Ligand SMILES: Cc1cc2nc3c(=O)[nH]c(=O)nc-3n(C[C@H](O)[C@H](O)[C@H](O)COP(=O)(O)OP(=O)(O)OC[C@H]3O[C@@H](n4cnc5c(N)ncnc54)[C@H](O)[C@@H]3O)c2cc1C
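Just the one chain here, the form predicted on its own, laid out as structure tokens.
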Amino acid sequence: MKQVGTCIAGAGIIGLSLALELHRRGRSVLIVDQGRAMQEASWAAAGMLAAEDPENPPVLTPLSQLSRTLYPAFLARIESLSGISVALRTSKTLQQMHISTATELSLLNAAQLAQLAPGLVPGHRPWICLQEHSLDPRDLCQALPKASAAVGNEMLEYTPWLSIESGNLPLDGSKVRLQTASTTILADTFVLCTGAWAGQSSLLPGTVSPVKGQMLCIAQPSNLDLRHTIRTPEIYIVPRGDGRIILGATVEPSGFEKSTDEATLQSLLNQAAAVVPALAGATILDSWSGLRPGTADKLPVLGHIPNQPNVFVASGHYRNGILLAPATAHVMAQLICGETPSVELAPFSPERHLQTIESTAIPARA
């Protein structure tokens, strides 16, 4: 049997960021994952820190802004612990807006667009410039597990958990008992951070579901000087600053299937070329898909799981897991340690989904 302060299920960016923050607060942490650390949505993401994206739900703004504030110290700590630098690759995003949502924003004129992104075709919709960074999540995939290990957090990869009990356990009192195929884990608290798989758990059935996104990596053409992220309602184009450009991403509610198909990938390239014609015929370097953890209202699920003493959840971050990791770790650690979170968590409460499930359940026949 293993005994620990907090057991975290899920070794993606949310789970490992929380593990680092809890360790900083003096908690012992054990992370379990059914696969390899940082190899699902964290690995597949584009890495845009889109705190000011007008397409985000407004209620997400305080958490997004907190995370943006925390990011410099977050990356500095990871580098100091792991010895691996996670660089910010871009510092601006040019976003094409739906006309109906652009009336109160500072719009770019044609000359400004041409200066910021030579070769961009403006189209008929307005553009704005956001002071928004991006990073390569593959850098975090190398650095974050090493940072967590460096502080002494234990991690069990390829270890799915089979059952969980919480509350007034015989012999163990107010603990959480987690059973895997190889061991029993006794923890003071448990946190569900399994991303797209969180809704498969009996703790939160159906609350989070996978939303597939197919993506491309292409070589930047020699005649194109692209330094800023470009985002439209149909496509995003993220330069890495090293000769690679990321194109994404589809939105497909296709279960846990992660294949890619040539026609969809070609459509992504065509959409990118419609915005930046120099990308037409660009060399494809790689393609992949990932599973975003989606919820019905596109908001994360953060908080204590009702009727489960000492059991918490941090999942459902949809398109913003990379952005929201530092803030999620911060507020969840505050909650677990009995403090008042820096951001109001009521909009993200697990209860909102559980109430929906109960209200739509088919009543038993009399």
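Throughout, we count residues from 1 along the sequence that is shown. Fair warning: this is a prediction, and the values are worked out from it, not measured in the lab.
Below, we refer to the form predicted together with the named molecule, which is not included among the displayed structures.
Proximity to the named molecule in the predicted complex, taken as heavy atoms within 4.5 Å, picks out 46-54 from the listed stretches 61-69, 46-54, 337-345, 302-310. For F74, no non-hydrogen atom is located within 4.5 Å of the named molecule in the predicted complex, even though that partner is not displayed. Contact check for A272: no non-hydrogen atom falls within 4.5 Å of the named molecule in the predicted complex. Residue contact with the named molecule in the predicted complex: P210 places no heavy atom within 4.5 Å of it. For the chain shown alone, C193 is a contact residue for the named molecule in the predicted complex, at least one non-hydrogen atom being within 4.5 angstroms. Relative to the named molecule in the predicted complex, residues Q34, Y236 and I322 are all within 4.5 Å by at least one heavy atom.
Contacts between stretch 290-306 and the named molecule, counted in the predicted complex as any heavy atom lying within 4.5 Å, involve G290, L291, R292, P293, listed in sequence order.
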